[in-house]
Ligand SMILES: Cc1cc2nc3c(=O)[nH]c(=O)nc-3n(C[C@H](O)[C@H](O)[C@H](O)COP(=O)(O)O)c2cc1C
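First comes one chain, alone, set out as structure tokens in the form predicted on its own.
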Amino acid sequence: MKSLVIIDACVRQSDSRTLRIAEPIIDALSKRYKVTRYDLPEMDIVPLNPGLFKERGLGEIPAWAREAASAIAKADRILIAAPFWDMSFPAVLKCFFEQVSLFDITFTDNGKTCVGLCKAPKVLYITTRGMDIPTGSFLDQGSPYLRALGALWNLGEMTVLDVHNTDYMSEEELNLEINSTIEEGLELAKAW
């Protein structure tokens, strides 16, 4: 069975609009993939600091980070669920990536440049934005970061499922947009 890594950075958890979209899609994909899930708000993830950076240089990497990096490198698909926060995504997601971007696991070098070691040809990024900022706007810094990290790690095509302007919709409009995006995601999941 192929493997799917889910990276959930939805800090609001059960109140998350992003998870309202992601969970039915995750349920559909879990019927076809062996799932490894990282619920970042539940993990004790901190930014790299001088002490951690020094330990990392000595090869002392937290077991969870090494395991997550290996799972990402071997994954056939990666799904990231993260809301739009402060023009990007929650800091816990960046801290997670700092911890799991590991030399000779997710990337290496060839003496001239970095070379990705991951094999997932497809990444799905599910997000909701309270403001009226569509994917591709210069104000959206989450999608470009994930594409850049994907280039470093050798990840393939990234598809973005998003609903934006959610803070300014009526409850009825919001439900229609979320349900429409879930349907789009479920259709995508059939061949993903």
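Numbers for residues come from their place in the sequence shown, where the first is 1. No experiment lies behind these values; they were computed from the predicted model shown.
This next part talks about the form predicted together with the ligand, which is not shown.
By the 4.5 Å heavy atom rule, the three marked residues Tyr125, Ser143 and Thr159 all fail to count as contacting the ligand in the model of the complex. Residues placing heavy atoms within 4.5 Å of the ligand in the model of the complex fall in a single listed stretch, namely 163 to 171, out of 52 to 60, 37 to 45, 149 to 157, 163 to 171. Distance criterion of 4.5 Å from any heavy atom to the ligand in the model of the complex singles out Met87 from the list Leu117, Met87, Ala91, Cys114. With a 4.5 Å cutoff on heavy atoms, Gly130 counts as touching the ligand in the model of the complex.
The closest heavy atom approach of Glu183 to the ligand in the model of the complex falls outside 4.5 Å.
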